[in-house]
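In structure tokens, one chain follows: the form predicted alone.
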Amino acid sequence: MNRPPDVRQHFEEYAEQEWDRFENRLTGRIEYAVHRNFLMKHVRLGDSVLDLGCGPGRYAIDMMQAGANVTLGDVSAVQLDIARQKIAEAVLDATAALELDIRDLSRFDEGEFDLVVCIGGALSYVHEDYATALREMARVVKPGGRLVVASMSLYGLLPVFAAGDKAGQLRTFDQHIDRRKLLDNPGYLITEPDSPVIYMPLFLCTNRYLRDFVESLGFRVVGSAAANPLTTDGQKLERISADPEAEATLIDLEVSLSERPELADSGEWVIVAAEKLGA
């Protein structure tokens, strides 16, 4: 089983930018606020947590500060090194930090964790192997335990093509996304492998598709959200960023509206939380 090398290479080269993007851009600060608000509703004191695609450890720190015991997993050794550093700076300890592929969690026993978390792009980066990855995540959750998982959004990604007024991307739209498949309303699709804009094939899905797939694995969905429901990456928000009150209002609106069913597919990310049956 081989992950395309550009995924690992991308995050090795991206390094601390993956930490900084949640601070340096307003859209990043919103993305973090929405994901964190949703995630922390499902973290309990003493939980054994597997944080997949953990990156530099920002959400792991939040979960540890809430009293969870977190095992880190990521495809990038560089990201894991940054996570260890950030966790140490926060005067916390991870249970372990492991270089791994989310499609193969065979090092873990069935039902080993109270909570498995996979937010960010990890599920989308395995493109057509998303089902294998989701089955592996489901396997290592305890009966009665929880899964919190995110995917890049099928419809929420589309505004990015208009953000920044990029006419060239729209002229070449079919080089990035198969328009016929999109209009057939498939619930999910894989972006085109040779897209000059989308730097690797990505799995994209709707809120309903992700919910249904997770439930098919023996879970009961207990919540879902969209991030960011009101803004998209690439928007120029300098005037809002320069006004603390305006920024705070926008972030509050994004968080408050993120779980509205009417906005389920409006964000760049769909997030689902589910409980494993059979406890």
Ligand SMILES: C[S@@+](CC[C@H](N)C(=O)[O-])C[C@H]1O[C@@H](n2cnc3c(N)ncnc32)[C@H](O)[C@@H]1O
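Quick caveat, the model's predicted, so the values are computed rather than measured. The numbering used is simple: start at 1 and walk along the sequence shown.
Just so you know, the form predicted in complex with the ligand exists too; it's not on screen, but the next bit is about it.
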query: Residue stretch of 140-148, 88-96, 112-120, 178-186 approaching the ligand in the predicted bound form, non-hydrogen atom distance within 4.5 Å; finding: 112-120
query: Whether 7, 21 and 74 all lie within 4.5 angstroms of the ligand in the predicted bound form by heavy atom; finding: yes
query: Sole residue of 126, 134, 83, 204 within 4.5 Å of the ligand in the predicted bound form, by heavy atom; finding: 126
query: Non-hydrogen atom contact residue 54 with the ligand in the predicted bound form at 4.5 angstroms; finding: yes
query: Close approach of residue 102 to the ligand in the predicted bound form, 4.5 Å, heavy atom; finding: yes
query: The ligand contact at residue 79 in the predicted bound form, heavy atom, 4.5 Å; finding: yes
query: Any non-hydrogen atom of residue 38 within 4.5 angstroms of the ligand in the predicted bound form; finding: no
